[in-house]
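A single chain comes next, written as structure tokens; it is the form predicted on its own.
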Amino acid sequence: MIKHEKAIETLRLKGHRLTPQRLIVLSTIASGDGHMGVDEVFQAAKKAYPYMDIATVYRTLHLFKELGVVTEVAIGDRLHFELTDPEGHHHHMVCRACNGAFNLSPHYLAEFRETLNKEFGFEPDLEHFAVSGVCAKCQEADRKSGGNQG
């Protein structure tokens, strides 16, 4: 089974055409190592289809995000995309020092959701939740250099 089969099925079910450009963008993200920037997607897609333009990539990624087939995460000052996990959501921890993005299991946020619900009657939107901070590797490098990252 191909990695992006569920996304293709979603496009079909929602009545969207499976254009060559959409399929190329989808397979580019599926074959990437996750968290791909728009420019990365564009460059890889252009290799597969030389007539691809950046506006098509932006429109396609926007459509895919709207349909829930890709997840968008801000890393630094840029947006990155990855295929949505069909098994369930995951969240991100983003290092402000190295701009690395790390997956965070949703069970860590279950208590947070429950507290907000119980104490404030508030239902948070945690579908695309990212926690920024400094990763262990950067903290260690900072300690060794005597600086202060976070």
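All residue numbers are counted from 1 along the displayed sequence. Computed from a prediction, not measured in an experiment: that's the story for all the values here.
Just so it is clear, the following notes concern the form predicted together with another copy of the chain, a form of the same protein that is not shown.
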#### Entry: Partner proximity in the predicted bound form: K65 to another copy of the chain, non-hydrogen atom cutoff 4.5 Å
no
### Query
Would G133 count as touching another copy of the chain in the predicted bound form under a 4.5 Å heavy atom rule?
yes
### Query
Heavy atoms within 4.5 Å of another copy of the chain in the predicted bound form: does V38 have any?
no
### Message
in the predicted bound form, does G121 come within 4.5 Å of another copy of the chain, counting heavy atoms only?
### Response
yes
### in the predicted bound form, the one of A30, M52, A44, V94 near another copy of the chain [non-hydrogen atom within 4.5 angstroms]
V94
### Query
Does every residue of Y108, L116 and F129 put a non-hydrogen atom within 4.5 angstroms of another copy of the chain in the predicted bound form?
yes
### Query
Of 30-38, 52-60, 65-73, 100-108, which is the one stretch near another copy of the chain in the predicted bound form, taking non-hydrogen atoms within 4.5 angstroms as near?
100-108
